[in-house]
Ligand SMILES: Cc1ncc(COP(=O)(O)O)c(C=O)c1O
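For reference, the chain that follows is the form predicted alone, supplied as structure tokens.
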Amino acid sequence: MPLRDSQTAEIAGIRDEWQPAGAYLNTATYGLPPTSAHNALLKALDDWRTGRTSEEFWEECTERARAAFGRLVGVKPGNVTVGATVSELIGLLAASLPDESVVLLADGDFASTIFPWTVHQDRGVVIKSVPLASLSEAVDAGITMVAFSHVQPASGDVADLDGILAAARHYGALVCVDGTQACGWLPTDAAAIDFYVCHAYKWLMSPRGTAFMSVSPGRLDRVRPLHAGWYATADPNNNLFGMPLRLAPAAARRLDTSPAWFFMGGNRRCAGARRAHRGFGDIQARLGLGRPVSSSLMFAVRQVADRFRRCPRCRTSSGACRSTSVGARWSCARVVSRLQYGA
């Protein structure tokens, strides 16, 4: 299906935001920043070096990044917590569980998704682990929390989110989803999830050191703000000193840690660059991809596809092609199968 002229122009503008040294297909490890984000980070560092700015500007960047993340996953900014790492945010949830709670995990999940829970076994927290495909079936009345990565980092397997949420609601269990490997390419309604955690340095193409967690309004009182500080108040710059404790009321920012200012400056620009996600349906149809792809992967796939079209054998039968023009170990057919997430 051919792209419209306006879509072709938009793709070209989006592609110009990134400057990879060749086709980049490793966003699952770390996403390449758009040029505007890289420039914003460099400017923040230069302003710091020369003393040309103050923390108010960086705090404004933090709030814009909070709001942008909320729009991306379908929640209000007031339901979003700002942090630095996934393990830190999940650690808040784990530390808030009552003694002898039962946590259900997915076999082989990422360490930062499972270790924060398992360190509480010394106070009676029980850990159960089952294959990802069996999570929804393993939920029963004895489960306190179900925690898993939406997309498994080691395998790329996608969890049956709807099925797990339905089972958890039926039995009254809480759900914590690590969206780090999904958020940015796999549309997710975080409003339906008790706790949705995401580091922004992969598919959101932001500097490392910026993470977010959406908290359902009815679940906020279950989490103890163990990292409470000046930024956990409703008005940080007017709550810098002295007692009493005055956390932000009824807002997830009461769980905030003091933001990494420079990185949030770059993160805000990345949020603006996420217009790249518009029109992916047409792009997928054009390239024959079976699932959505991220912004940074999208233009890399286009570069690879251009190489395919220049290969005489690919024009006739991509399945029979064994060209190594895209890398010494990769045939065109193998790259296509990997990009389709199915082989």
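All residue numbers are counted from 1 along the displayed sequence. Remember, predicted model here, so these are calculated numbers, not experimental data.
Beyond what is shown, the protein has a form predicted together with the named molecule; the following relates to that form.
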Legend entry - Listed range touching the named molecule, judged in the predicted bound form by heavy atoms within 4.5 Å, from 212 to 220, 124 to 132, 91 to 99, 177 to 185: 177 to 185
Legend entry - Residue contact check: F262 to the named molecule in the predicted bound form, 4.5 Å heavy atom: no
Inset, instruction - Indicate whether the named molecule has at least one heavy atom within 4.5 Å of a heavy atom of T118 in the predicted bound form. - result: no
Legend entry - Contact label in the predicted bound form: T113 to the named molecule, heavy atom within 4.5 Å: yes
Legend entry - Contact label in the predicted bound form: V86 to the named molecule, heavy atom within 4.5 Å: yes
Legend entry - Contacting member of R246, R208, R224, R169, with respect to the named molecule in the predicted bound form [4.5 Å, heavy atom]: R208
Legend entry - Site test, S149, P153 and K202 vs the named molecule in the predicted bound form, non-hydrogen atom cutoff 4.5 Å: yes
